[in-house]
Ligand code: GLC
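One chain comes next, on its own, written out as structure tokens in the form predicted alone.
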């Protein structure tokens, strides 16, 4: 039987702190900027704010390289600013979800600085150090951000492991001292009063200590086979839960690279004592080719449908997931899954309908409530993200044209979803009075909060309507999910049902008018993303409908 929890009924609003609002005119978003916008966030109807990392960091990977887990990065403010922000959130009934990165640290963390000094240093085993093999690295694994996962260090003539950037050495969870450090960090923040953690790449914390060479796999296969779901991952997570998380009424959501639907309940089952929910990442790679993010293809709408159908079937009433269509690691949802030109408004509303009628805890990335789009910058000099920059460098080195490399980054690069929030039509979208750390999307003059606030039929108004609708019907949080037409190439037709209500949701995920039979007896149209009613059995481009029907 499914249990009712506050975090199952909540709606998450994700903020990328550098890009949300700059309060002091230095071009970088900050904690005081977030405080100034809390009334806006509250007005959306969301419950939980997820902040990307704000800890001390050299920002090699925009904060996912932490140099001090108990300090605030000065670019965002002070610990006093944090305490004020948390108090102001709680005053408004908003909860704070912190992003915690414990698969790796920064190479500028004191642990790593000590670890690299000598083989006998007390911190040596906080990280993975290995001798080379045949004059090269210990094995042939490629890092997520390019190059090898092994970096040679001259001080001790050994290599250290890093799944991501060379400035992000992987922590050795085999060492019980490392696990205790993580537990202490978690308790320190929970004692400050935060409401939970989003745990970055948590499925990677356990390694195959043999570190075998990969044989013939493409990157996606290697990533799944060697990097994730190691032999002690559940043991490690349970230990963290038992020694910290279980003592607090908080939520945990684990980012789930390579966690399959079959393994979902191993992480989130009600009696597992591990995580409350996971972010499954299958959908985020649905349009990737065999070489990963920068090998883009076309998303088959049936893949989107099958993702939600199969995950719901696999989790059942035991496990739970957070549902999302974009985040800080993926392109803007309207550019990826919708039509961000001719039907931007209609497709943005449809995608919000999808997000807010699915089973699971919805998570929306800042700006998607107003239909922000990919920036698609046309010069590599405009990009900041380490993954895009490394891809470009390697692609050019391997003979790819500048045009093709930029085209791929325009489609898939992470900077697309990190551009400054578009508040109004002033310079830089009202985000800052200085030069922003990352260029604003040039379309801020026509897509911004101020314009949306004045449009009762706009995307923002529709988002608020959908949030209120979901909250007024717990069926949309807890009810069963049934895909009623799994084989249709672009219409997503599904049912949400429990003892209290039954909803039929019909989404035409295409640029074309589609004839579609709607046979539910006694169906009452509750919500449509078009302002004027259309023909009952004719779906307009990107039309979304929600019907309330008799049980």
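Residue numbers count along the first chain shown, from 1. Source: prediction; values computed, not measured.
One more form of this protein should be noted, the form predicted together with this ligand, which is absent from this view; the next part is about it.
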{"property": "This ligand in the model of the complex: contacted by all of 346, 470 and 543, heavy atom 4.5 Å", "result": "no"}
{"property": "Single option in 340, 255, 170, 369 placed near this ligand in the model of the complex, where near means a heavy atom within 4.5 Å", "result": "255"}
{"property": "Contact assignment for this ligand in the model of the complex, among 145, 423, 126, 160, heavy atom within 4.5 Å", "result": "145"}
{"property": "Stretch in contact in the model of the complex with this ligand, which is absent here, among 413 to 421, 69 to 77, 316 to 324, 238 to 246 (heavy atoms within 4.5 Å)", "result": "413 to 421"}
{"property": "Non-hydrogen atom contact residue 55 with this ligand in the model of the complex at 4.5 angstroms", "result": "no"}
{"property": "This ligand contact in the model of the complex: residue 334, any heavy atom under 4.5 Å", "result": "no"}
{"property": "Proximity of residue 200 to this ligand in the model of the complex, heavy atoms at 4.5 Å", "result": "yes"}
{"property": "Close approach of residue 164 to this ligand in the model of the complex, 4.5 Å, heavy atom", "result": "yes"}
{"property": "Heavy atom contacts to this ligand in the model of the complex at 4.5 Å, residues of 83 to 114 in sequence order", "result": "101, 104"}
